[in-house]
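The chain below stands alone, shown as C-alpha cells; this is the form predicted on its own.
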C-alpha cells in the first residue's frame, strides 16, 4: 500500500464501488468500508455483503444511525435488494419503515408481492411432490437433495426456522464427508441469521471432525463462524484467536456472513482487549496472514501499532473516531463499550507498569483526559487489584507498590537453607537406620 492510503485523513477517498462478485483481494482493498470518524459510506459498506446479511445490515443501520438522510439511504438500498429476491415478509417490514418518505416508487408493491407469493406456492407444491416421490423410491441422495432444496426455499422466503429444520434433516441422508460439511455450513448460516450462536458452535465442531475433507476456504469460513459465536458469548480472547487464525483465502467467499474487513476489525479489537503485550506482538503484529486483513482497514492496523508502541493518545483517538460506525455493526454493536473499556484499562495498566512513580498531570495529558477523571479510573483499577499502587491525591502522584526485591531474595535464601537442612537430616537419619539394621521387614504370609 502506498503512503497516501495510509494517511488516516484520506480514508474517505479510499472507497470505490466496483461491483461484481469475483473480485480479487487487491480489488477489495480499493472499496473498503469507511470505518472512521467520517459518516459511513453505506453504498460501499453494503457492497461488501450479499444475500440476507446485506439486507439485515442495512436495516440495522437504518434503525440505529439516528441520521434521517442516512436512514433513508439504507432503507432505499434494502428495498432494492429485497426486490431481487423473494422475501415478501421482509419487504413489508421495510415498506413500513420507509412510510412513504421515499416517494411512490418505494411503496407497497402489491403486484410484485402477489406474484412472488403465487410462484412460492407453486414451487413449494412441486418440491413436496418431488420429495414424496424420492421417499417412496428410498433414494438417499435424492431425499437429501429434496430436503436441501426445501431448506433453500424457506431461507429465500425468510422462514429461517423451517429452513434450519430442513437443512438438519439432510444429515440422516448424507453419504459422504462433503455432504456433512455442506449441511453444517447451511445450518451455521441460518443459525447466525437467527442469532442462535449455540447452534453455530455445535455445527462448527461437527464440520471440523472431517478435517481431511476441508479445503482452505471452508476452514476459513468455520474459523469466522466460531469467532462470531465466541464474540457473541463475550469470550473475546477465544474470538480473537479464531479471527487471527483465519486464512487470507477467505477473501470475499463468505460475503453472505462476513467481510474480510470485519475479520480485521473484530480480531484486532478483541486481541487488544484480551491479549498481553507478548501475545499481541506474536499473534497479531507478526502474524503474516492477519496482516493481509489489517491492510484492508488501516485505522485498526495503526491503532494496534500505536497501542503496542505505547502511543496511547493516538490509539485512543483512533478508537474514538471508529466508535460511531462500529456501533452500526450488526455483530459488534453490543460489545463496543465493553471492548473499549477493557482496551483503555489495559493502556492505563501498561502505562503505569514500568514506573515507581507517575505524575498524574503528565499521564492525564497522555490520555487526553482530566486529572480528576484519570484519578477515578486509577482508583477503580487499584480497588480491582489490577494496579499495585497508591495515589497521593494532594501532589497528584501515583506511587507503585513494587515488592521489595532485596527482602524477597533474602527470604528465598533462608527458605532454601531450611529445606536443605531438613533434607540433610532426613538422609542422615535414613543412613543410620540402615546401618544399624533398624528397618521393619514385612512378615511373610504362610
Partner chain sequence: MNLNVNSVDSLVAEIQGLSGSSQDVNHLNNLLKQSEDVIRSQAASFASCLTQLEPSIHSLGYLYVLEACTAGPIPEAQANELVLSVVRFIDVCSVEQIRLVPDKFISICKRLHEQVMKLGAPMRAVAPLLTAIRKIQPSPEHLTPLHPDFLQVCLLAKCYKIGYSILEDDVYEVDQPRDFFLYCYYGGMICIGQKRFAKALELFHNVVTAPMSSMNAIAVEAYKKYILVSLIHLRQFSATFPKYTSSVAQRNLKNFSQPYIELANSYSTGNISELEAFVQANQEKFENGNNLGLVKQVVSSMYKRNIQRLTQTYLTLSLQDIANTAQISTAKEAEMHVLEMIEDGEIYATINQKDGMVRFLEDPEEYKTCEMIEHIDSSISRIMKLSKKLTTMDESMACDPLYISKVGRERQRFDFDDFDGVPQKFNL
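The structure displayed is predicted, hence computed values, not measured ones. Numbering follows the first chain given and starts at 1.
The form predicted in complex with the partner chain is left out here; the points below concern that form.
In the predicted complex, at least one heavy atom of residue 392 sits within 4.5 Å of a heavy atom of the partner chain. Taking the partner from the other structure, the partner chain in the predicted complex has a heavy atom within 4.5 Å of a heavy atom of residue 421.
The shortest heavy atom separation between residue 274 and the partner chain in the predicted complex exceeds 4.5 Å.
Put simply, residue 292 is far from the partner chain in the predicted complex: not one heavy atom of it is within 4.5 Å. With contact defined as any non-hydrogen atom lying within 4.5 angstroms of the partner chain in the predicted complex, the contacting residues in 409-436 are 410, 411, 414, 417, 420, 421, 422, 424, 425, 426, 427, 428, 429, 430, 431, 432, 433, 434, 436, given in sequence order. Inter-residue distance, residue 355 to residue 410 (Cα): increased by at least 3 Å in the predicted complex versus the depicted form.
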